[in-house]
Ligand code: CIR
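In structure tokens, the next block holds one chain alone, the form predicted alone.
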């Protein structure tokens, strides 16, 4: 089995802007502290670079408070990239800002364009055998169908699944640990969407730990979830923990903060 779903040469991140205090949130638990977030973000970038990857740090976007969450703007595969069409109207411009950076790295960049199509990268989990896309408040049926058409010739089938009610993104509740293993909450795994995969369950009460990333030889997790961390370590993975207290106030986690890929010219 190849490992293109978790071994990458590049990542794109964007430094948080001072406007982050106006970022979207499902529940208001207080405004994020920009200075603390900048420190966490620097630790995150350092962790990615520590795996040997090239990390492209983009400048803050004051016009887009949620601009730090770059994952929602695109799907990056070995064959090419697809620019998304975010389901939150205030975020539509973020995808347009990302497009030229992807065009500089990829020979094939496609785009979701349907006026009725909405889809965000946080709802897409790429494994070695398929692309799982979760319907959610931010990703609709038209968006999933358009993405399926756009990637049909790239050789990795797309399967529509469903995000649990009240959960922002599909990957809020899951992440890839290797080509055949996922970390997932019990509420998501119970849906049966991971049949055929090995599932490492998130500890009860630590559901936010499900949003992690496997990046080369590391699993990068939010700190503060010791039982889930220990389960991932016991399953044989190397773990790096990063502070996430401020991004969590905006429903953000480890996957949200980067686009991860190996571009094909």
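Just so it is clear, the structure is predicted and the values come from calculations on it, not from any experiment. Positions refer to the first chain, counted from 1.
Below, we turn to the form predicted in complex with the ligand, even though it does not appear here.
Although the partner is absent from this view, residue 85 stays clear of the ligand in the predicted complex, with no non-hydrogen atom inside 4.5 angstroms.
A residue is said to contact a partner when one of its heavy atoms sits within 4.5 Å of a partner heavy atom; residue 168 meets this definition for the ligand in the predicted complex. Though the partner is left out of this view, residue 251 does reach within 4.5 Å of the ligand in the predicted complex, counting heavy atoms only. Contact annotation: residue 256 falls within 4.5 Å of the ligand in the predicted complex, judged by heavy atom distances. Against the ligand in the predicted complex, the set 71, 91 and 138 is in full contact: each member has a heavy atom within 4.5 Å.
Stretch-level contact analysis of 109-117, 149-157, 127-135, 71-79 against the ligand in the predicted complex, using heavy atoms and a 4.5 Å limit, identifies 71-79.
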